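Given as structure tokens, the chain that follows is alone and in the form predicted on its own.
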Amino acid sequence: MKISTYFLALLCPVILLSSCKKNTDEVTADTKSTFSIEFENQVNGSPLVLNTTSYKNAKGEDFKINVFKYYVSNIKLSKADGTTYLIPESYFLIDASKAESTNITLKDVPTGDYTKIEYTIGVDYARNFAGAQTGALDPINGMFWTWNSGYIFVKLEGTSPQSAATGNALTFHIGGVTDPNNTIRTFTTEINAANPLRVRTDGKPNMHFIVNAAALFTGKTDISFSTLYFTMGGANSVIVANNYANGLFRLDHIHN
């Protein structure tokens, strides 16, 4: 009897400690939290360095990048059970010349495990015709065509010896929302179910995407700068948008 009492005395603290141990996988209903997304700009696996570093396109032609900006908007998360959450007012302008813009924060997101993310590369149709706007959509950011009443979704400017433009300039301003020259594209990627995006009240996970600027020039169509070095909407912008639709973004990893 004394031995049983002794073991019971030892066991009780263990039970108490176990019941108090925090379960990091626990999701509290109707709670919200925050996560972030980092966009690492590269060119075919090498860091994107503006103005100075030379790269090669799929045709083997040299080029440099002076400006690289793009919109990410209408971010939607999905769970394994098929439920989705569209993050309201999720419009972000990523500018390679501004390091702070490459890490965005998403707030008030319902807690849970998300196994898919999708977003618009650019700006949706309605916002292209919504008049004067602020924040990422402010025309002061240099991503709005006042003459064409719409946003530039992806902007890449640089130089290439193959370009026949003045100063060997490259000008790729991709935009347009009406057929047959609609360049709105959606990026979607599944998230490894073994390591989903775990949004919790006690943690702020980070998603890390690789962004390949060279994707504008290869994919469905390998572009030569000797024939295409300037586009501001229209059929040539559709060619570029079809290239980067699947090759611009790649989910590299998640820190939960």
Partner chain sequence: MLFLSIALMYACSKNEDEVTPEEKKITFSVPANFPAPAYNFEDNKLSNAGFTLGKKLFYEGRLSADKSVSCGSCHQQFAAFTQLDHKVSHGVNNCQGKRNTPPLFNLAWQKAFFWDGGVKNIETSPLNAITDACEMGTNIETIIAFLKNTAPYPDLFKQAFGSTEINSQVILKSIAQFTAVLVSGNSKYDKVIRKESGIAFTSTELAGYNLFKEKCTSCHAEPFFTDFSYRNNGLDLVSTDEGRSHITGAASDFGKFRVPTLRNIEYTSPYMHDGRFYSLDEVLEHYNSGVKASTNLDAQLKTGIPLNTTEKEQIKAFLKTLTDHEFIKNTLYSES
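Positions refer to the first chain, counted from 1. Everything numeric here is computed off the predicted structure, so don't read it as measured data.
Heads up, the form predicted in complex with the partner chain isn't pictured, but that's what we're talking about next.
In the model of the complex, segment of 138-146, 74-82, 162-170, 111-119 with a heavy atom within 4.5 Å of the partner chain
Selected stretch: 138-146.
Spell out, yes or no, whether the shortest heavy atom distance between S97 and the partner chain in the model of the complex is within 4.5 Å.
The answer is no: S97 has no heavy atom within 4.5 Å of the partner chain.
Indicate whether P88 is a 4.5 Å heavy atom neighbour of the partner chain in the model of the complex.
Because no heavy atom of P88 falls inside 4.5 Å of the partner chain in the model of the complex, the answer is no.
Would you classify T186 as touching the partner chain in the model of the complex, given a 4.5 Å non-hydrogen atom cut-off?
Because no heavy atom of T186 falls inside 4.5 Å of the partner chain in the model of the complex, the answer is no.
Answer for Q133 alone: is it within 4.5 Å of the partner chain in the model of the complex, judged on heavy atom distances?
Q133 belongs to the contact set for the partner chain.
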